[in-house]
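Structure 1 and structure 2 below are two forms of the same protein chain, each written out on its own as structure tokens.
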Structure 1
């Protein structure tokens, strides 16, 4: 870890994140996919069927 941050000179981690479109794309899709979609779908699937 420390190797990495030294390797990029003095660019702070946060800025490296903000400068990385692909990383942002991944978290921007993952966050709602997990908290909203997956969680929501799991709740619906676990509603018991009427007998």
Structure 2
């Protein structure tokens, strides 16, 4: 059953996300920033202490 035949008129969440360029920009900038920050923290933690 397609969305038009249901008659409730609601827009799916994924379509709302893909229709919003500002939200896509925020996700596109925030996700690499968070990923690389976590990666850097893990790299710093893995460095052994100097004697």
Partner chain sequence: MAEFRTCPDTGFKIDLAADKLIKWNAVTAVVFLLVGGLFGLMVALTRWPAVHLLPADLFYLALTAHGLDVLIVWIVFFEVALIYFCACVLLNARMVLPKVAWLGYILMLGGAAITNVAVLSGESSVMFTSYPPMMAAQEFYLGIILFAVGALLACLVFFATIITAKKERTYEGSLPLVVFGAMTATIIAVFTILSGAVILVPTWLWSLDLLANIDTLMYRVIWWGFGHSSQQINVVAQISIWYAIAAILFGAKPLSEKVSRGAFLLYILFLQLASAHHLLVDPGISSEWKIFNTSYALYLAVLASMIHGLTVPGAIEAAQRKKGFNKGLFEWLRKAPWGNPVFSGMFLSLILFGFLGGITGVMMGTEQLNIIIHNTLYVPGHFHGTVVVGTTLAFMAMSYWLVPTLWQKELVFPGLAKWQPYLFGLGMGLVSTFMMGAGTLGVPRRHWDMTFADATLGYDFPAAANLMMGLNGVAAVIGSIGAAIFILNMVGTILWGKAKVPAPAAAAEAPAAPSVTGAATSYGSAGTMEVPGTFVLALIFLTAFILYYFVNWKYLSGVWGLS
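Quick caveat: nothing in here was measured; it's all calculated off a predicted structure. Heads up, when I say rigid core I mean the largest set of C-alphas that superpose within 1.5 Å between the two forms. Numbering follows the first chain given and starts at 1.
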Structure 1 or structure 2: which matches the form predicted alone?
2
State yes or no: after fitting on the rigid core, is the Cα displacement of residue 20 between the two structures at least 2 Å?
no
Return yes or no for residue 39: a CA shift of at least 2 Å between the two structures, with the rigid core superposed?
yes
